[in-house]
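A lone chain, given as structure tokens: the form predicted on its own.
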């Protein structure tokens, strides 16, 4: 048998930090002498994650228009193209953040039909500890309640490995509390702690993936009516915009103003922000802004130049009607631009995800051949 490619799927809810973790993992695996390919996934084109991961210097491909389970054949095609053209030792893949039931619909079919090509790592599900606490404690103002909260819990339940992210923001006592919460609610799943941002724990996580496996050891009972209802509560917006300003215009100030306006506008209209991610590039610079909850502070990373042409990509996942989401984003963009910045929309899509219709769904765990 030809050498199989290690396939690592990293799931988790919107805003958990999957893209940052994949970028960090690609860096660490390259230092180990391994060739890496990356696959992103979204319901529409113009994905910030794809552009961010391309900056790692690795080969990146995108499955857009549907989640991995509903675009299973496209996922296989993209992975096969990566293997044919770039011969990776490892492929890191990031499914849509509002998806669950991936063990039954993606991992088992991969083991059944593609055992000659892929060695599946344990399925990692990334968890933001602040969101976890909010969901488990059932706070009256929790943003992940109802059908959306159902998806969140199912994601953790099907994990082969729960990866608690953002531990750089936790003290030792709070980290122990998170572990206790996971144990009480989910029956002592295997857990590792990482900070994708500063890199701590990432090597230990990767070592675990190589020492254990295969992935897909849990198949859930999933109520697809509730699952579909949870996804339908989220308005989705992807936009690509060309900007033009005078030679000394401060792009960083523009992005900060835009994020503040969108946060105020969306929450003021009753929206709950699951994830708002914006990337501004131009003049050889790149500035990313992230907002992962309605009440959070936007986080900016990178740098932005001054003036001239720039490109803006906006990805918004907000609990509100997509037409309202689009209207607010467009109004905020025009307000931030004022009379100073010329705005040209290259492409924009706003919608609710359709009902999940997996290509395959297995009800039993498939064995994977040994290494």
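Positions refer to the first chain, counted from 1. Every value quoted in this text rests on a predicted model; they were computed, and no experiment measured them.
Separately, the form predicted in complex with a small molecule exists; it is not shown, and the next lines address it.
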| item | value |
| --- | --- |
| Contact at 14, 166 and 196 by the small molecule in the predicted bound form, all three, heavy atom at most 4.5 Å | yes |
| The small molecule: the contacting residue among 108, 281, 272, 290 in the predicted bound form [heavy atom, 4.5 Å] | 290 |
| Contacting member of 211, 264, 253, 299, with respect to the small molecule in the predicted bound form [4.5 Å, heavy atom] | 299 |
| Residue contact check: residue 154 to the small molecule in the predicted bound form, 4.5 Å heavy atom | no |
| Proximity of residue 20 to the small molecule in the predicted bound form, heavy atoms at 4.5 Å | yes |
| Residue contact check: residue 97 to the small molecule in the predicted bound form, 4.5 Å heavy atom | yes |
| Partner proximity in the predicted bound form: residue 59 to the small molecule, non-hydrogen atom cutoff 4.5 Å | no |
| The small molecule in the predicted bound form: contacting segment from 290-298, 184-192, 253-261, 113-121, heavy atom within 4.5 Å | 290-298 |
